[in-house]
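Shown next as structure tokens: one chain only, the form predicted on its own.
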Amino acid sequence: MKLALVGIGKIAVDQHVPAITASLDWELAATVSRKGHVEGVESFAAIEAMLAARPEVEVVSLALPPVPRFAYAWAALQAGKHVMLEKPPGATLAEVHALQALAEERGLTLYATWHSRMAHAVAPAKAWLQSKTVTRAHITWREDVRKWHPGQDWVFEPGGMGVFDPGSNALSILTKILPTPVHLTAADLDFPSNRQTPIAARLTFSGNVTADFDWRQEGHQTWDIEVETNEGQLALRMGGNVLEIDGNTVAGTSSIMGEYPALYARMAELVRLGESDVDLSPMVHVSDAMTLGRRASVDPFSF
């Protein structure tokens, strides 16, 4: 299938383009970006121009930041294209609901992707927890924003989500593997005094579940989820790519490079089946944290 990729930034270059290029399901037929381009692929500055010039494109994958994404997705759906959304799927829940309704009305596929759910050890972790009672769970998700979003000030602007940009990866895994849903009960959010979104967050959920997100960790990056049950302990390391049971590694690999190929394989499957996949549960937790969170001002942040 012919696919157009919108937003040629770091995540597109690092993950989307290699995944598309390696897949037998897809042909990268066009890109849309104000600055970036992919060698050998026709580039457009505006999605309207691409849609008019390349009617044979069947699918539009959106890898640009959340705030402008709705207008691009709406235009693609109106033009009869299936749409794939980078995480988080939008700046607000309401706009994603609107896209979902339009896709359903037009008989098109809409896929709200959560790449961390495709990590190697997530499926076996879910299977192991299925028949067990969770007594406690804790997320430690600490990384360096300067490494993963160098100079990208938009992450600290309204709608950029701040530390919830990576934190939603953890929440996407949590909502996938827990046998019983949880809801947020409290949150503490640290906002740099010169920024509009949090750089750190501590979350408390029902079911004795907690989370610690921080975007200021230099050196070793920590992406861990630890779960205690009535029948032993589970830990997911490396962002869900390594599974430990009672301290022993039982599944997975330390590589994160399988996540985006799995997303594009899932998108191909959804298009063939004529179905959509729009699970917003990780984004609901983020929204609830911004609603319930106690705000604290911390030191200014600059790249």
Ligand code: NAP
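One-based numbering along the sequence shown. This one's a predicted model, so the numbers in the text were calculated from it and none came from an experiment.
Missing here is the form predicted in complex with the ligand; even so, the following discussion is about that form.
Using a 4.5 Å cutoff between non-hydrogen atoms, residue 65 counts as a contact of the ligand in the model of the complex. The shortest heavy atom separation between residue 272 and the ligand in the model of the complex exceeds 4.5 Å. In the model of the complex, the ligand sits within 4.5 Å of a heavy atom belonging to residue 87. Interface membership of residue 154, defined by any non-hydrogen atom within 4.5 Å of the ligand in the model of the complex, is confirmed.
A single residue from the set 195, 120, 115, 81 has any heavy atom within 4.5 angstroms of the ligand in the model of the complex; that residue is 115.
For the options 280, 19, 11, 286, the one in contact with the ligand in the model of the complex, meaning a heavy atom within 4.5 Å, is 11. Only one segment in the set 202-210, 185-193, 68-76, 98-106 has residues whose heavy atoms sit within 4.5 Å of the ligand in the model of the complex; it is 68-76.
Along 253-268, a single residue, 260, places a heavy atom within 4.5 Å of the ligand in the model of the complex.
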